[in-house]
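Quick setup: one chain, the form predicted on its own, written in C-alpha cells, and binding and motion questions come after.
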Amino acid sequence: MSRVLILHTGGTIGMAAAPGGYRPMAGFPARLREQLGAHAGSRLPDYDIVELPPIDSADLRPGHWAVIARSLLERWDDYDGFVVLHGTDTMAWSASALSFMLRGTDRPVIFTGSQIPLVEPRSDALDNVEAALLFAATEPVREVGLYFGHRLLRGNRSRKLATAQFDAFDSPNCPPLAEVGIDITLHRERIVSPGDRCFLVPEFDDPAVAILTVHPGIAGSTVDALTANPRIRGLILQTYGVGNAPQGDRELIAALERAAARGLVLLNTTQCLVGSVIQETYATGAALARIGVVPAGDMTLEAAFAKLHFLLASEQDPDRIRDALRQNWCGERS
C-alpha cells in the first residue's frame, strides 16, 4: 500500500475561533487523523502527519517556499506521495514555486486546504484532504497539483478566483487533471510526463521581484519608485489584453528602459484571466519587446512570479534568465 506524508504548513484548515479572529489550533494533527478515520475509514492510504510552525497564508514570503520544499525533500525517499496543507490565499503561489524547485518530480505533491476550518460545521476540509490523499497515492500524478472543490488542477496553472465558494480555484488556461464526482475521472493525457529530476532549493531574496499593474494614467515615476530598491532584480508587468502598454507615454517607456538598462529582468503578463501575451500583435506591445521585455505567454501571475523568483535565486546571468522564462519547464505555459 502507498504511504503518504501530510505536511501541515498552516492556513484556515487548521484554525479555530479565538478572540480577535481565527488562529492556529493546538492538536490539529490528532484532530485531523480522528476525523479522517471517522469520515473515510480504511479507504485511505497509510499516512503520517508532520506539522510545521504555522504560516498564515497572508504572511507567506518566498523564503517560506524553501522551508516547505526542504521539509518534503528531507522525507522524500520515505513516502510515495505528499499532501501539503496550505492557506488558500497564497496556495497557488506556493504550488507554482514548488513545481519549479521539484522539477522532474517522480512523486505526486498535492496542495489542498479549506475555506472553512476543520473543526467548524459544514467544513470542506475532510473532502479536500481525503481526495488529495488518494491522488497523492496515485502513481500517474507525478507533478505538483492543487486539489480543491472536486477538481485536481496543475499547481502552476491554478489561481484562487473566489473568496466564499468551495470551488475557489480554477486553472483558466489549462483543463483540470481530474474531476471527482460519483466517479473519479483522471485525465492521464493531461499530466506532465516527468523528465529527469532537477531538484533545487535556492535561497530566496524576498523583495527580488516586484509587480506593476498598468493602468490608465500610470506615471513613469511609479516605475522608478518601485524599482529604486537595489535588491529588486525582476519586474513583472501586468498589461492590457495580449500584452499592451501605453507606448505613447514616453516617460513610462523611458522608465522601463532605465530599469532594463540596470539589469532588471522585465516580464510581461496579461491582466486577462484567459489568453496569452503576444507582444508583437499591436504596436503598443511591440514597444515593450524592443526594450527587452519578455512575454510570459499564458503563465498565471502566480507562476510568473514564482518562476522569476526561482531563476533570480539560482542564476546570475539576466540573459539566461530571460531565455528560461520563455521555456516551458513543467507545464506552466503552453
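All residue numbers refer to positions in the sequence shown, first residue = 1. Please read these numbers as outputs of a predicted model, since none were measured by experiment.
The protein also exists as the form predicted in complex with a small molecule; that form is not presented, and the subsequent description refers to it.
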Select, from the options 29-37, 49-57, 270-278, 62-70, the stretch whose residues sit within 4.5 angstroms of the small molecule in the predicted complex by heavy atom distance.
49-57
Answer key: of 105, 171, 88, 227, within 4.5 Å of the small molecule in the predicted complex (heavy atoms) is 88
Using a 4.5 Å heavy atom cut-off, which residue among 94, 239, 158, 114 comes into contact with the small molecule in the predicted complex?
114
Contact between residue 312 and the small molecule in the predicted complex at 4.5 Å, heavy atoms?
no
Given that the small molecule is not shown alongside this chain, does residue 325 nevertheless sit within 4.5 Å of it in the predicted complex, heavy atom to heavy atom?
no
Is residue 321 one of the residues lying within 4.5 Å of the small molecule in the predicted complex, judged by heavy atom distances?
no
